[in-house]
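Only one chain comes next, encoded as structure tokens, the form predicted alone.
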């Protein structure tokens, strides 16, 4: 009961904040409040800003987009709840937390399922990816398009990690995702779900490490509190442009089509930005003193997570099998 009351109070406060923020857009026919948890320095924000630019220009000012960044409207789980309720109208959300709302998305979060960026694009921009996005409607959400964080890598402040045996006992922050918790438990870590950001927890050694793409590690200066980096590339971390179905369904068809095309264009723009910077991020992390294992024993990690396939059921299992078949 207390948790439900806290969620209600939080959403009420967010609603008041959003209404106040929207006053300057009163002339627009429609206002899209877009929530992200990251700062304006990140690719999440750049994608949101590109979406805003396209939507406002192509709608001739009929639609205004307000970006609420840095977790100002809550963590990603809270943003998804607000999208369901129509309090927010759009968000750029990491795939991990979505699995509680859209179980099918677990399929693309399975470790080591994509060989490289080209492979990820082939699957996620194709029939399988579109089929998974269609499942968002069952949760009163709209899945517009996939963009990305990139491939996730492991950092920690305790010791170098070359193989799975080196992970044993490390307290690793993970997203609030049952799959991600299971992945790191299978590898041998002590997975600890925490909302983002986590710099303070790392600096105070509440947790030993975390796993994220290079962009996040660099942009949040985790090199200041994490000594060791292993390029495990264990999960391709997709992002999703998510919309509120209740808001979307009320829009004229021309604006519905515009949101889809704007999300697609912004996603492709963001993915290129991220990939073009990978070598730069790696170079900068080295300059900042991180000890980097560029060729860890990936086979040892893969061996640990193979049994997780048996936990997949329903849509998640169906799409996982389809991706595995398409990757052969």
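Small disclaimer: the values here were computed from a predicted structure and weren't measured. Positions refer to the first chain, counted from 1.
The discussion below concerns the form predicted in complex with a small molecule, not included here.
Proximity to the small molecule in the predicted complex holds for all of 44, 173 and 216, with the criterion being a heavy atom within 4.5 Å.
Taking a 4.5 Å heavy atom cutoff to the small molecule in the predicted complex, the contact residue among 78, 212, 244, 226 is 212. The partner is absent here; in the predicted complex, the one residue of 38, 59, 31, 274 having a heavy atom within 4.5 Å of the small molecule is 38. The small molecule in the predicted complex is approached by residue 196, whose closest heavy atom lies within 4.5 angstroms of it. Put simply, residue 106 is far from the small molecule in the predicted complex: not one heavy atom of it is within 4.5 Å.
In the predicted complex, the small molecule sits within 4.5 Å of a heavy atom of residue 239. Shown alone here, residue 94 lies within 4.5 Å of the small molecule in the predicted complex, counting heavy atoms only. Note that among 124-132, 228-236, 149-157, 109-117, the stretch whose heavy atoms approach the small molecule to within 4.5 Å in the predicted complex is 149-157.
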